[in-house]
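Consider the single chain below, provided in structure tokens and representing the form predicted alone.
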């Protein structure tokens, strides 16, 4: 891709994992509320996703958008998720269409389908259980943050159908630094390593697709999120597995 890739919410955990993994592979433009604290070789635009003028400055000339910005708190109140997650997503999608952006990659969340879990746990998190979500199911948000992510997926559906924008929603699992969560079955089942995170978003930038919803996890022995669509459409080939770790030590 010759045009810049806009990365919103670049200072967050997912943004840093992407930049650490594939930061040298694209011409990045970073967009966040605060300027980066360290040195960066990338273009930076400081602004808020609900500020249309700032969004226009950030999107102009970009070939793709990876949209991570928003309130990431599972307990975030409605006023915040409405403004930062829903209104913010609609603003940047609208500008992306006007600016002829080719691809839009949306950071959705496991919280968009969180209410599939309560009646199935703890078996859901263990290898003998064969229940899977594959991205074709209706959203069942586990909190208002999840509602906002489901809304973002639906906005993407509209902008794809109405304006032919290539859109992929990545329902991100549990991204941690260094090793999978310790003594936390749910987190291990939906673990996403930093390496696999960067690789997945690289696939989102390089593959051809119309509208897709995929799950963002590593290839864990026990997973209740299917990776088949990510493999088939995006060419995702995760290398990490939470079962290969014993606490904070890799044993395989």
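Since we're looking at a predicted model, the values are computed, not measured. Numbering follows the first chain given and starts at 1.
Beyond what is shown, the protein has a form predicted in complex with another copy of the chain; the following relates to that form.
J.: Mind telling me which stretch in 177-185, 124-132, 144-152, 98-106 gets its heavy atoms within 4.5 Å of another copy of the chain in the predicted complex?
T.: Among the candidates, contact is made by 144-152.
J.: Taking another copy of the chain as it sits in the predicted complex, is residue 213 near enough to touch it, meaning that at least one heavy atom pair lies within 4.5 angstroms?
T.: Close contact exists here: in the predicted complex, residue 213 approaches another copy of the chain to within 4.5 Å, heavy atoms only.
J.: Is there a heavy atom of residue 173 lying 4.5 Å or less from a heavy atom of another copy of the chain in the predicted complex?
T.: No, residue 173 is distant from the partner.
J.: So, residue 165 and another copy of the chain: in the predicted complex, are they within 4.5 Å at any heavy atom pair?
T.: Outside the cut-off, so no.
J.: Taking 4.5 angstroms as the cut-off for heavy atoms, does residue 75 touch another copy of the chain in the predicted complex?
T.: No, residue 75 stays farther than 4.5 Å from another copy of the chain in the predicted complex.
J.: Looking in the predicted complex, is another copy of the chain within 4.5 angstroms of a heavy atom from every one of 82, 87 and 139?
T.: Yes, because 82, 87 and 139 each have a heavy atom that approaches another copy of the chain to within 4.5 Å in the predicted complex.
J.: What residues, if any, in 155-174 have a non-hydrogen atom within 4.5 angstroms of another copy of the chain in the predicted complex?
T.: Contacting residues: 155, 157, 158, 159, 161, 162.
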